[in-house]
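We begin with a single chain expressed as structure tokens, specifically the form predicted on its own.
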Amino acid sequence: MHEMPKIFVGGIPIDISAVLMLLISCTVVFVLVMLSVRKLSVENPSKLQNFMEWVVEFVEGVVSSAMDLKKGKPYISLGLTLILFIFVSNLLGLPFSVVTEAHGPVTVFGHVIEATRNLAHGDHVEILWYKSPTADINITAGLAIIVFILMNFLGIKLNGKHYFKHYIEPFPIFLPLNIIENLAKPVALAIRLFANIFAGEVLITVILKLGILSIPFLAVWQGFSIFVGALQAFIFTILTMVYIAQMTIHEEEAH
């Protein structure tokens, strides 16, 4: 069982591997987007520009499937950010992982990694430094909480009294159920994304134990994992748009 390189700063636990992988994901997405718009051309677009234009059009389709595109245009950049970041994050742990063996206390930035703090002589622990960020429930929960705060803020700001009224529809007795339904949305978002990516990486670890026999199985599973990573990025993004539409657009307006 691999341990995470967790340290405590001011009593707050910080997973160094999660922070590192988040930085890598953000960097990859930023570089990808910057390269795609570096030499914009209408007559002779590059392959990367064509790819990014396709992604933008795809996200526009996702937004328009959840709400009228006129109302959804402000959320296209949000959808584009989510789908690119989550897709890249889902794939980072597929090619390889970085695991080190610690035989004594290991310090990072002057703080001791908790898993190595009490190692006795002769003991050792394996530290996992490189993994898919979305294989960490804290990362997916953070994304889900951002979506939860955003959709409720937009609902209050753009939908006014109808936002609060929907909690007591169709009857006031449904208030507790409607509140639970609202709170369940970020929980489902976080657990669905985490469970699919984490399970995929665990299965890769199991397949690798087959030794040389693992090569064909690993190739098939990694190909399938790319599909799963893309699918989960799509599901998270489209559900985000659906939740925002539910909160911001009154039913009478939708019709």
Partner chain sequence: MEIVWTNILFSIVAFGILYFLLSKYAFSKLFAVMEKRRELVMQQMDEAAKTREQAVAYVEEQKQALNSARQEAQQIIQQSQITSNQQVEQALAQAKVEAARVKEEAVRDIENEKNKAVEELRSEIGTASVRIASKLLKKEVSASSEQEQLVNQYLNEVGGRS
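Numbering follows the first chain given and starts at 1. None of the values given here were measured: they were computed from a predicted structure. Take the two forms, find the largest set of C-alpha atoms that superpose within 1.5 Å, and that set is the rigid core.
Missing here is the form predicted in complex with the partner chain; even so, the following discussion is about that form.
Colleague: Considering only heavy atoms, tell me if P105 and the partner chain come within 4.5 Å of each other in the predicted complex.
Modeller: No, P105 is distant from the partner.
Colleague: Classify M4 as contacting or not contacting the partner chain in the predicted complex by the rule of any non-hydrogen atom within 4.5 angstroms, answering yes or no.
Modeller: The answer is yes: M4 has a heavy atom within 4.5 Å of the partner chain.
Colleague: Does the partner chain get within 4.5 angstroms of any non-hydrogen atom of V19 in the predicted complex?
Modeller: Although the partner chain is absent here, V19 would touch it in the predicted complex, with heavy atoms inside 4.5 Å.
Colleague: Would you classify I212 as touching the partner chain in the predicted complex, given a 4.5 Å non-hydrogen atom cut-off?
Modeller: The answer is no: I212 has no heavy atom within 4.5 Å of the partner chain.
Colleague: Just one of 201 to 209, 225 to 233, 182 to 190, 42 to 50 has residues with a heavy atom within 4.5 Å of the partner chain in the predicted complex, so point it out.
Modeller: Result for this chain: 42 to 50.
Colleague: Of the residues I139, I127, L91, M151, which one places a heavy atom within 4.5 Å of the partner chain in the predicted complex?
Modeller: Checked against the cut-off, the match is I139.
Colleague: Quick one: of I156, I146, V112, L175, which gets a non-hydrogen atom within 4.5 angstroms of the partner chain in the predicted complex?
Modeller: Only one listed residue qualifies here, and that residue is I146.
Colleague: Output the sequence-ordered list of residues from 199 to 220 with at least one heavy atom within 4.5 Å of the partner chain in the predicted complex.
Modeller: Heavy-atom contacts to the partner chain in the predicted complex: nothing from 199 to 220.
Colleague: Taking 2 Å as the cut-off, check whether the CA of I212 shifts that much or more between the shown form and the other one after a rigid core fit.
Modeller: Shift at I212: below 2 Å after core fit.
Colleague: Does V9 move its CA by 2 angstroms or more between the shown form and the other one when the core is aligned?
Modeller: Comparing the forms between the shown form and the other one, which are aligned on their rigid core, V9 does shift its C-alpha by 2 Å or more.
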